[in-house]
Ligand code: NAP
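The chain below stands alone and is given as structure tokens, in the form predicted alone.
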């Protein structure tokens, strides 16, 4: 069993980006600028946005954080999106999810200009991804694809099960793995809450991507020997063992599953760091104006 070290690979990607940013600035180019909009004080969102800002500093990006209270109106949030859309200094921006229930998340996503949608959530960018056109690929699936490439994990002809059909991870992941690409050509089964006999699917899988947000859902008896397991879960659970009072749990019961795997991502330190690295890569693409010329 080999651990897939997402933290290590993410740092390598950050180093590569940092070198390129220095070259851009040395030639008189503009410093790439990523903005983030944070609504409320959700602990997970706070941590994630803070990591994004720190990573921007490391690679030489300019970063901005726009905060709103949880009672912000949808109209006020849309105005913030409009301002960022029209700010020529901002290359890309994200509105951190989840949003309060009184705000229509899809409406906010669709209000973001596709060329600044570095999260890759806008319908135009999703459509471009499906059609193999240049686009910003959603950061978590993009990060997973890069991990598979860095570890030379063979995907062609493999049977893959994706558990979870969210628009952010599960659905795009299933599409990417099925594409005719170096990290694709899988035969993919997309499983979800209505899937019958889920275990029969996972036991047949060479690669499992678990992305449903249920801590320790995937057990050892659901995985065959030699499988590759990618754990996307990052659920915060209360814990008396940590100073913060919580710990991150993945969707995989690591102690049972890991001994059976050829490769597995840990939580934390697996997919999470790659999500942020991929967002930064998308922002660099936005700054280069390569996708939308």
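Positions refer to the first chain, counted from 1. What you see is a predicted model; the values in this text were computed from it and never measured.
Although it is not shown, the form predicted together with this ligand is what the next lines describe.
- No member of the trio 153, 205 and 262 reaches this ligand in the predicted bound form with any non-hydrogen atom inside 4.5 Å.
- Considering this ligand in the predicted bound form, the lone stretch of 233-241, 252-260, 55-63, 26-34 in range is 233-241 [heavy atom distance within 4.5 Å].
- Using a 4.5 angstroms limit between non-hydrogen atoms, residue 271 touches this ligand in the predicted bound form.
- The shortest heavy atom separation between residue 169 and this ligand in the predicted bound form is within 4.5 Å.
- Although the partner is absent here, residue 217 sits close enough that one of its heavy atoms falls within 4.5 Å of this ligand in the predicted bound form.
- In the predicted bound form, at least one heavy atom of residue 164 sits within 4.5 Å of a heavy atom of this ligand.
- Scanning 114, 184, 100, 213 against this ligand in the predicted bound form with a 4.5 Å heavy atom cut-off leaves one residue, 213.
- Residue-level contacts in the predicted bound form: of 193, 73, 86, 200, one residue has a heavy atom within 4.5 Å of this ligand, and it is 193.
- Along 138-158, a non-hydrogen atom within 4.5 Å of this ligand in the predicted bound form is carried only by 140.
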